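One chain comes next, on its own, written out as C-alpha cells in the form predicted on its own.
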C-alpha cells in the first residue's frame, strides 16, 4: 500500500534531485560569489559592493541601465513579433493547398540551425558591406553600399531582433500549429454557424485555445533572449551592451576581483527571468480558475 502511494515520488526523486542540486547549487554559488566571497583569491568578506558598482557607480551605471533597457526591448520585441508572425504562419499552414508539405518543411528548416550561424547570416545579408547593400547599389537604389541603412551593430538592436525572429518564429509556429491540428476545426465551425466572422472566430475561439501553449513558449523565448550572449556579442555595439554581454566581459577580465560584478549581473538577469516565470504561473493559474 505504501509503495503505491509513494511510487511516483520515488521514481521521480533521482531526476528531481539532479535538477534541484544543479539549479539551486549553481544559483547559490553564483550568489555567494556576487557578494564578493572568493576564497581562491583571498576574498572572504561579504557585501553588496558588486551590485552597487554595476548599478550605481559612475563608471558602470549608465552602461547598466541603458543595457537593461536594451535587453528588455530586444527580448520583448523578439518574443512579441515572433509570436505574432508565428500565429499568422500557423493559420496559413493549417489550410489545405498544393505544396503544403514542402511549405511546412521549409518553415521548420532552420530550427536545428545554431544561433551563431544565423547571426553570421545576418551579417552577410544586412551589413553595409553585405549582400543586400551590394545588390541595392548595383540596382542604383543607393549610390554606394555604405549608404545602406545601418541594421547590423546598431544601437537599437535591430539585427539582434532579426536573428532571434529568424530562429524563434518556427519554434512558436510548430507549437501553435500542433495545438490547432489537435483541436481541429469543430469549434470554429460552431462559431461560424452562430454568425461569427473571421476576426471573432480568431479572437474568441482560436486565441483562447492556443494561449496556454503560446504563453509557455513565450516564457522560454524571453528567458533565452534575455540571458544569451552569443548573438548580442556578434551583432551588438560596444555601447550600450546587453546585460549578458556586459556580464561576459566581467568574467573575461584578467582581474579575478571583477568576477563578483559578473556574478552580480548574472544574478540580476536570473531574478528578472524568475520573476517573469512567477508572473506566468500566476496568469496561467488565474486563467485555469476562470475556465
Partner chain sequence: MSRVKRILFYAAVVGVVLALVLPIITFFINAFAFRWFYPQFVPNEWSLQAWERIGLIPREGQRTLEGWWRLLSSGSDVINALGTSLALGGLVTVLSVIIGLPAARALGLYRFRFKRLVEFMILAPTIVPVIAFVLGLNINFIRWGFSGTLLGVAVVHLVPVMPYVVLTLSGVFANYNPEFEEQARTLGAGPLRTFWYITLPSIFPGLVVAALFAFLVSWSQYLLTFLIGAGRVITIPMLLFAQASGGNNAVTAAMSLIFIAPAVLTLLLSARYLSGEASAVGGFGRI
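Numbering follows the first chain given and starts at 1. Treat the numbers as computed from the prediction; the structure is a model and nothing was measured. Just so we're on the same page, rigid core means the largest C-alpha set that superposes within 1.5 Å between forms.
Another form, the form predicted in complex with its partner chain, is not on view; read the next lines as being about it.
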**Prompt:** So in the predicted bound form, does residue 234 come within 4.5 Å of its partner chain, heavy atom to heavy atom?
**Reply:** yes
**Message:** Can you work out whether residue 48 and its partner chain are in contact in the predicted bound form, taking contact to mean some heavy atom pair no more than 4.5 Å apart?
**Reply:** no
**Item:** residue 36, heavy atom within 4.5 angstroms of its partner chain in the predicted bound form
**Value:** no
**Asked** Does at least one non-hydrogen atom of residue 67 fall within 4.5 angstroms of its partner chain in the predicted bound form?
**Response** no
**Complete:** Residues in 107-122 that come within 4.5 Å of its partner chain in the predicted bound form by at least one heavy atom, in order, are 107, 108, 109, 110, 111, 112, 113, 114, 115, 116, 117, 120, 121
**Request:** For residue 277, state whether the C-alpha moves by 2 Å or more between the shown form and the other one after rigid core superposition.
**Result:** no
**Asked** Quick one: core overlaid, is residue 98 moving 2 Å or more at the Cα between the shown form and the other one?
**Response** no
**Message:** Superposing on the rigid core, is the Cα displacement of residue 200 between the shown form and the other one 2 Å or more?
**Reply:** no
